[in-house]
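One chain follows as structure tokens, the form predicted alone.
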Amino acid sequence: MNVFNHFRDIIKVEIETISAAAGADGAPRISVEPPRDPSHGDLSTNAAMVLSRAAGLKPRDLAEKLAAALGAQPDIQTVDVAGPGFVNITLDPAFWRSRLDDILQNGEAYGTSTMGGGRKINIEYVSANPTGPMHVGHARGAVLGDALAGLLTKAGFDVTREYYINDAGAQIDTLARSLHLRYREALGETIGEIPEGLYPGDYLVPPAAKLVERDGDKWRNLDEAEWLPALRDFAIDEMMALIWDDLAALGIHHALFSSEREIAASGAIDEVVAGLEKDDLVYVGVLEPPKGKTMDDWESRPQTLFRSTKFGDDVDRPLKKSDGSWTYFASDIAYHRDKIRRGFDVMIDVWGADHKGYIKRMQAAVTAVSGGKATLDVRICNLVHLFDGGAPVKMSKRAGTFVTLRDVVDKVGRDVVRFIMLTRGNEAALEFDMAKVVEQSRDNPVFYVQYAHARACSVLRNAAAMFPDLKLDDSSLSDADYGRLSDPGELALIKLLAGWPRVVETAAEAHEPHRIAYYLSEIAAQFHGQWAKGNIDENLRYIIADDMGLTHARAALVRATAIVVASGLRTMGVKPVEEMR
């Protein structure tokens, strides 16, 4: 049960009873949320203010009538009217305690929502150029996209995880030339220093050896035009295998891979541009120089342009390069049109911070090619600043120029990487200290949350050892006397746990999986805080040696905590642990 949606429905009925003029049309504007100040109660609603005109009453007058009606509800303890017409509600503690049944009976499925209604959503993330191993910067986008996919699935959407292989363009030719150099080295040549403009990383050494094993010296003395296509294909396959292996180490598996080269070869770009021309959205014109440019360094020439300003962009955008080939933008339009044709009218792309200026044009293009029926949300991931014990980390032994994702995963573990990458909003810069993220301290959020789950499991094991006849399965825990849970800290923890369905829905609606990490940290703090209170007052301990009934009730609370924490962690793609080592 989403407690807030439950009472929103009750409020809607009461408003309609007070005045039919309020009607269902105003209902979507009703918000029921936790009040900013907990002393104001458990719920706060703006219903009286947003529906007062339809009801033909002043907001305060409608609020008073609504408060009187809600006061008769069995689960509501008190109702107060505040300010211009806010209605603040305090629920009966028995109502909150009964939410433990919801959790225990549903297990980790608790919080699963039907909000999405099975609607299809495409999430494209990572999509790194296949020119080398993934670096630590890619990890953030990879985790964000994968956790968002898990969150939207939890919220009832039909999610497809997709990877767009940027396997066309000059960077792929550079990759093939770099491989050819390493191939000659594998054949015994001394290649000296890697020429500027080629990829220097030693990650190309194993593929070069593999190429020699397969083809011998077949490609050594041929002209570039003869070996370039073959080595291009071979290099892409090898780099994608490397990327897939790195992603698997992070627990990420895409359902679908799309190729830029295949889209271009299919004629899809010509087709989509022809469609835009038919709609008078393509023309030949001359762009003004970008801000900060002088006419001396700006080439003013006629270009094939897309009318992106018609859809809110700052300027119209080129579709062709000076050599007559299509721009990346034209290719991306064709790719997103392909997604739409596959049935996705809701698309989410996860990009690096350096692509922020590209958002408006792509959203304009999606609107244009879908006739306004499809939407594109772009999640930008800011930089990751990597440290080790406070010292900046700049180099990787394997790559030579950057820190690989695999280096970090191998050192601190997949679950640590995934959790820490979600401890800040995606547009905020993130500091990742490889020494601190494995510390077993309260200051380490991943440890603090994992320890809450492990501690809960430990409490249940100890309760079973102390009371061998006490049944601690979820069904039996549902029979515990929850009325024994009378401490304010216990009730506060229950309220937090009962908020999980709302967290799922609001985070899914906002496309912000980092909200889960924040929420789990709150639960961990409350759970550990209650444990600390038991160290001061033994009557507040989770296990009371001479009171099996109270222990049973607290075991139900502990088990519910473990369930919600596990559910949250799995939604993030993190495995909950039962013991800390």
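One-based numbering along the sequence shown. The structure displayed is predicted, hence computed values, not measured ones.
Not pictured, yet referred to below: the form predicted together with the RNA.
- Among 424, 471, 119, 411, the residue placing a heavy atom within 4.5 Å of the RNA in the predicted bound form is 424.
- Taking 178, 88, 259, 370 one by one, only a single residue has any non-hydrogen atom within 4.5 Å of the RNA in the predicted bound form, and it is 88.
- Heavy atoms of residue 291 reach within 4.5 Å of the RNA in the predicted bound form, making it an interface residue.
- At a distance threshold of 4.5 angstroms between non-hydrogen atoms, residue 475 is out of contact with the RNA in the predicted bound form.
- Contact check for residue 552: every heavy atom lies farther than 4.5 Å from the RNA in the predicted bound form.
- Interface membership of residue 187, defined by any non-hydrogen atom within 4.5 Å of the RNA in the predicted bound form, is ruled out.
- Although the RNA is omitted here, in the predicted bound form all of 354, 534 and 581 have a heavy atom within 4.5 Å of it.
- You can rule out all but one of 224-232, 325-333, 107-115, 71-79: in the predicted bound form, only 325-333 has residues with a heavy atom within 4.5 Å of the RNA.
- Along 541-568, residues 541, 542, 543 each place a heavy atom within 4.5 Å of the RNA in the predicted bound form.
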